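Following this are structure 1 and structure 2, which are two forms of one protein chain, each written alone as C-alpha cells.
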Structure 1
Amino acid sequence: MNHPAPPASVRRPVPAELLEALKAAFGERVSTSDAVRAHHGRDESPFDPQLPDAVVFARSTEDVQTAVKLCGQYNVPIIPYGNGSSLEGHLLAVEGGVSIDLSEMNQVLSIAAEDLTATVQAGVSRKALNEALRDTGLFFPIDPGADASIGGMSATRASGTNAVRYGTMRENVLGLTVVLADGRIVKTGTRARKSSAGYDLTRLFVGSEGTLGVITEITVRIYPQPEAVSAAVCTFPSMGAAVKSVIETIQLGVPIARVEFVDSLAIRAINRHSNLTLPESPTLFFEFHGTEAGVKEQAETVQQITADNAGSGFEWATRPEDRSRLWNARHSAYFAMLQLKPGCRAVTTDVCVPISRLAECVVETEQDLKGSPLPCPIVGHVGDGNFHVAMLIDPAKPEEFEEAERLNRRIVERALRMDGTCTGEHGVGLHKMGFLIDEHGADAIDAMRAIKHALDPRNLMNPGKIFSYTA
C-alpha cells in the first residue's frame, strides 16, 4: 500500500467513439497521454492518484458545453480541473471519465472599477486577477494561500487569510456562468449588490465542488487598496494565550484584515524553509488595513491585548518588503511542514468553530496531538474560528494513515460538538464525506441529494464527491 485509497467506485467505460468525437471537436486540445492524465489525476490529498481517461483543454464556455454534451451522449463522467491545489481529493477521477481543464480560460473579461466588480473566466488565478487590477487601485482579497483559480475557489467556497475582514467566496461572488450536466448554460446573479429575485442559484453553485455543473465565468467583488497597511508578529508562551488574544481582538471589534496562528512546530518548519529566525513558540501574524491613523490605532490596541495575554516581541512591519517576507513565509507553511518528515504526505484537516469556543477547541486538539507519534503542526485563520492540522505520514506505512484518521475523527467530532463544521474551507471532496450526516442530519443530506438528482440525474458531474449519489 502506497497511499490510502479513495472510497471504492466503479469506473465507467469510455467508448472509443467518444474519444474520436472529442478529438474531432478539439484536435490537439484533447490528450490521452499517461503524463497528462497523471497530472490531472492527483492533488494535494493523501489519496492514491485516480486518473481520468482523457483531458480536454477548454478555452471558452462553448468549449465546455461541447465537451459536456459529448460526454453526456456516452454517459461518461466529467471532472472540472483548475490549478490542482485542492486538499481533499476533489479532482480525482474515481469513476474515470474526462477531465475538463479550464486553465486556458484565463481572460479577465471586464473590470468595472466604479461598481467594484470584475468578471473573469474560471481559469484566472487570484494572483493574475490582482495583477490585472494593480493599476486600478483595487484588489481581490480572497487568499487561500495557493495560487488557486477563481473557478476552483468558487467551487470549493474558498476563503483564507483575509476572510476575517473581507469574507469568503460566498460573500464575494456576485454571479456565475455554469454549464449544467445536460449542456445548458445558466447565468446566475447580476452585478447588482443585492437581489430578491428567486432562488439564490449563485450560492447553490458556490461550494458545489463541481458536482452540479462546470463553472466557466465568475463575477466577483473587488475592493479599494487600503491607504495604509501594517503587519505585526507576536509570540506567546502557549497556544491558549495566543488564541485568547484573537478572541478578545474580534470581540472588541478591531477590524483586523488578517490574523494567522502558527504553532511552534510549524514555526520551526517555516524558519528552516524561509531562512527566518522567529522564536519557536506559538505565534500570531497580524495585518491591519485602513488609514494611517486607523492602522496605528488598530495595532496599538492589539499590542495591548497581546501584552495582557503574555504576548512578547510584538514587532511591526510597515515596509512592503518586510510584510511580504512575513506573509510569504506564512504562505509557504504547507510545503515547509512537509520538510519536517522527508518523503511524507500530509493528511490535512480543517475545522471551524464559533469564536467563543476556539481556544477550548485548539487546546484540546493540542493535547490529542501531543499524544500521537506523528508530527502534526497546526496553522489557522483563527480570526474566523478556522484552523488546520497537517498530520505527516509515511505513505508506506498504513498504520500511520490510520493514526492520522483517528486524529482527524477526534478533531472533527470535537468541532461538531462545539456547534462548528467539519471543514471551514478545504471542502468535502472524498475525505470529509463521512461527517456530513453528523453535521447536517440525514434529512438535510437528502435535500442536497434531491438537488443533485434534479440537476444531474445520471450522476455525470464529478461523481463520488460530497455524498453518495444514492442513499
Structure 2
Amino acid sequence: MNHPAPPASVRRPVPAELLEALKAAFGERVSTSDAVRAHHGRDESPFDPQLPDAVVFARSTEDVQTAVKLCGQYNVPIIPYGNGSSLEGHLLAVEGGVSIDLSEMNQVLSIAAEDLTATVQAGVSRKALNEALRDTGLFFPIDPGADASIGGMSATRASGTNAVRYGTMRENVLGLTVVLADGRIVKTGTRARKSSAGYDLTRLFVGSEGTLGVITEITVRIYPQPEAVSAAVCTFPSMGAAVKSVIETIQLGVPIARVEFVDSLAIRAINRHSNLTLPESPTLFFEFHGTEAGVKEQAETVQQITADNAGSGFEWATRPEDRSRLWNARHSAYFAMLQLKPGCRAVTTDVCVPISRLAECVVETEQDLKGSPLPCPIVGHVGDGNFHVAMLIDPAKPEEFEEAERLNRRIVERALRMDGTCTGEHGVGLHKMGFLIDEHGADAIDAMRAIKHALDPRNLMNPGKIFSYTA
C-alpha cells in the first residue's frame, strides 16, 4: 500500500497563439488575471493551489466545444470548473492549461413534472435546481453539503445525506451532454427511465472527474416532495449499538430518508459551538419521508429498535421548527468541528464499508485517533456505511498534514480490508491515486487507463487525476 504525494507538475507550454485565439473567440470571457487564475487553481482540498494559464467562462455547449478544440490544437490541458467545492484536488492545474468555468451555464433547461426529470446546464447548483422546482411539488434530493454544481456532482459521483433512500448521482443521472477531447459533442442516454441500449456511457462519464470529457448538460431524476417529513434523534452508549439500530431498521424495510451518525467529539464541538448540553455520546439523526401515517409508523418502529439497542433520549418531531431544532446539531457539525481548533483546516477521510463492518471500522479508527495529537471528530452517512473523519490540522505545520495523511492511510487500508472503498462520495482527484490501485488492482486500473487512452489519446482532459496516464 503506497500513497505517493501528487506527481510533480510538469506544466505544458501554453503558446501565445492559443491565448490570442481564445480571446478572439471569447473576448471578455477569457481571463489570464492572477486573481481569476488563483480562484480557479484551488478547491477545498488541502493541496497548494496550482494555477491554470487561463480561464474561459463558457455559456453553452458550443462554447465548451470551441475552447476544447482550440486547446486541442495546441496540446493544452482542459480542466472543467463548476463551483469549486471539490475536495481532492480535482481542480488543480497540475500540468497547467485552461480552466473552463461552467458557472455561467446556469439555466434549468426543462422540468418534466410527469416524468420526474429535469435537464440542466452543468453550472446549475443543486440549490438553484431546487429553487426552480419549488412550486412544482418536486425536489432534487442529492445533497453533498456544499452547494455544488450538478455538473461537478456528476463528475465526482457525489451523494450525501439522502443517498440511503434516493441513491447517488450514479442512480440519478439519466443522460448527459458531453464534449469529448476531440471536440465532438455526444449525448448519452435518453429521458427513458431505463435502457439496455449499448454501453452505459452515462455511468462512464459520471465519476470520471473531467478526465474523459466536459459534462455540459445533465438530465436528472427528481422526486415528489413527501407529504410528511419527520425527524428523530437518539443517543447510544456505543458506536456498535448505534450501527446495530441502523442495520435492524434497514432490514425491517423501513424506508429511512436520512440517517446520520455524529460521534462524541463532534457532539462536544456542537455543544461548545451552540451552547448546548447534548449527551456527549454517539448520536444518530433520522429523517423519515412519507405519508402522515407512514412517517409516524416509521418513527415508532425506529424508536422501538433503538430502545432495544440501549438508545436513550429518543425524540421525534414533525413540525418544521421542531425538526430543525433536532437536526440543528447535525447541520452545524462542520463549523462547530472547525472551532475545536481555531485557524485549522479539515482534512477529511471518505471511506465506505459494508454496513456489517462499520461499527468495527469506526471503533478501530477511534483507537488510531486516540493516539494522535490531532482533534478528529467523526460524522457519517451511516445507512450507506460511509463516514468522514475531519482531521483538524494547522495549515502552517507540514507535520500535521503528514500526520493526517498517516491516519488517512490507516483508515483506507482498514476499509479496503473490509471490502470497502477509499472514497464513498468525494472522488479520487490527486489524493487517492495510490489507494485506487490498492482497491481495484493493477489490472482494473489498466482497463480504466485503456479507456482513457481510447477517448483522450493526447491526455488533454484534466490530466494527472485518478490514475497515472502511463502505466
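Quantities reported herein were computed from a predicted structural model and do not represent experimental measurements. Residues are numbered by position in structure 1's sequence, first residue being 1. In this text, the rigid core denotes the largest set of C-alpha atoms whose superposition between the two forms falls within 1.5 Å.
Between the two renderings of this chain, the form predicted in complex with a further copy of the same chain is found in structure 2; structure 1 comes from elsewhere. Relative to the superposed core, Asn106 undergoes a C-alpha shift smaller than 2 Å between structures 1 and 2. Core-aligned CA deviation for Phe236 between structures 1 and 2: 2 Å or greater. Once both forms are fitted on their core, the CA shift for Thr291 between structures 1 and 2 remains under 2 Å. Structural comparison between structures 1 and 2 after rigid-core fitting shows the C-alpha of Leu326 displaced 5.1 Å.
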